[in-house]
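Just one chain follows, in the form predicted on its own, and it is written as structure tokens.
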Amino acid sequence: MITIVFTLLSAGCTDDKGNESSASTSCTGVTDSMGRPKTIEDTINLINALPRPLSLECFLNSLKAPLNVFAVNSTFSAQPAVDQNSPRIFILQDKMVLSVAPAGIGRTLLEFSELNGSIETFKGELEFPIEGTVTMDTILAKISQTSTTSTCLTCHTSERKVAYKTLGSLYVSKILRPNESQRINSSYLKNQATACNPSINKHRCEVLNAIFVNGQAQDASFPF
């Protein structure tokens, strides 16, 4: 993004025409603990505390800096990278990982996984913008392929449904680590954010800006 433009955007949410909404401060006004979700439950609570309709960039701006990230130029995903300038970006939060893609077919999605044991994770996905209240049923409805399988099974093995706390059930499957050799460093992507032209791809600029400028992203090791 161009620095002058994103000085305004960093203040909070914008509507589809690029105007700041009256509830824009809510995008960055959550508490420190709420803005650092460490579980899927925390993520749901954060999403449900933010204004509606909720954009992906508003959600990303609600996360407290600095963000630990692992970006990868990989097309092996339901949320594939376009290229090294628009990679898949993993945001690492303790034993949970959020992932987004600033461009391409997965640009409206937030994918998340939370460690369950040592070799598998609970998995889920949401599509933005979000209008209503998010529940476990919302997450299951988005990724369910049949009554017993999810779209995650395309890449992840040993899938099954497991109770998640007292909230209901989520799909669990084996961990698939990103390829270290395809990693894109955060300093390169910060440059992409500051040079981004919103007249060409506004969504890409806002996502990169939220993570690498407002979120002060820094490279970190994949947590599991």
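Computed from a predicted structure; not experimentally measured. Each residue number is its position in the shown sequence, starting from 1.
The discussion below concerns the form predicted together with heme C, not included here.
Undergrad: Tell me which of 167-175, 183-191, 28-36, 56-64 has residues with heavy atoms within 4.5 angstroms of heme C in the predicted complex?
TA: Partner-contacting stretch among the options: 167-175.
Undergrad: Could you confirm whether Gln84 comes within 4.5 Å of heme C in the predicted complex, counting heavy atoms only?
TA: Although heme C is absent here, Gln84 would stay clear of it in the predicted complex, with no heavy atoms inside 4.5 Å.
Undergrad: Answer for Ala78 alone: is it within 4.5 Å of heme C in the predicted complex, judged on heavy atom distances?
TA: Ala78 belongs to the contact set for heme C.
Undergrad: May I ask you to check whether Ala163 falls inside a 4.5 Å heavy atom distance of heme C in the predicted complex?
TA: No, no contact at 4.5 Å.
Undergrad: Would you classify Cys155 as touching heme C in the predicted complex, given a 4.5 Å non-hydrogen atom cut-off?
TA: Yes, Cys155 sits close enough to heme C in the predicted complex that at least one of its heavy atoms falls within 4.5 Å.
Undergrad: All three of Ala101, Phe128 and Phe212 touching heme C in the predicted complex at 4.5 Å, heavy atom to heavy atom?
TA: Result no, not one residue of the spot touches heme C.
Undergrad: Can you list, in sequence order, the residues from 69-102 that come within 4.5 Å of heme C in the predicted complex, counting heavy atoms only?
TA: Heavy-atom contacts within 4.5 Å come from Val72, Ser74, Phe76, Ser77, Ala78, Arg88, Phe90, Val97.
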